[in-house]
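Presented below, as structure tokens, is a lone chain in the form predicted alone.
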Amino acid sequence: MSDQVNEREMRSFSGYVRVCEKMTTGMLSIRGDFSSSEFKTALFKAVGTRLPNEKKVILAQNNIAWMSPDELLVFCDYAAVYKISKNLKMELKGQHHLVVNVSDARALFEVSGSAVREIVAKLAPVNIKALEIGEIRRTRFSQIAAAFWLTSEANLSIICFSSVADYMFNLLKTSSAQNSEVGSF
């Protein structure tokens, strides 16, 4: 992992919602056979969380998000990512799998406030009104690929590639500026 994360300050902006970049989040991309009971057991032993249902995020100590039919994304403490990765690889030994530390390749943003759905509606082509808490969506925010989910009615998490984190931060900042409310949600 890069030491640059310690040198960078966490960015935040307060408009009619608050936007905050979470700099010290560990992320592991895991691929495997979700139908395998051995895979499910190994995942639980290593991460402490069960396999999420399709298009869901399990909100726990180590959040785990369903990304595709054979891909998960585990969110953990940045300092624990190596230990969890090592434990996963040990538990999955002998099974077809891939575990990759993507902590420095992804950026995580949290948006909070009563109008978080409106911010997404301004930027992404999704039916945000139908989104349930803990349901994940992969989409585009303007020109970039991203995924997002509601952690509550007033809190939203967004991930994107770290190479476009500045662009995402500026999108969210512009969309949440004072006096830019649409008021549809």
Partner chain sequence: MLILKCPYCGIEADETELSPGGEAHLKRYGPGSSDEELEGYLFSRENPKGVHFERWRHVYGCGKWFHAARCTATLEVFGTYSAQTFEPPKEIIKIIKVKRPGWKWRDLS
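Positions refer to the first chain, counted from 1. Being a predicted model, the structure only gives us computed values, none of them experimental.
Below, we refer to the form predicted together with the partner chain, which is not included among the displayed structures.
Between 22 to 30, 38 to 46, 64 to 72, 151 to 159, the stretch whose residues reach within 4.5 angstroms of the partner chain in the predicted bound form through a non-hydrogen atom is 64 to 72. Residue 50 falls outside the set of residues with a heavy atom inside 4.5 Å of the partner chain in the predicted bound form. In the predicted bound form, none of the heavy atoms of residue 132 sits within 4.5 Å of a heavy atom of the partner chain. In the predicted bound form, residue 60 stays away from the partner chain, with no heavy atom inside 4.5 Å. Within this chain, residue 56 is remote from the site of the partner chain in the predicted bound form, having no heavy atom within 4.5 Å.
Contact annotation for 127 to 156: residues with any non-hydrogen atom within 4.5 angstroms of the partner chain in the predicted bound form are 137, 138, 139, 140, 143, 144, 145, listed in sequence order.
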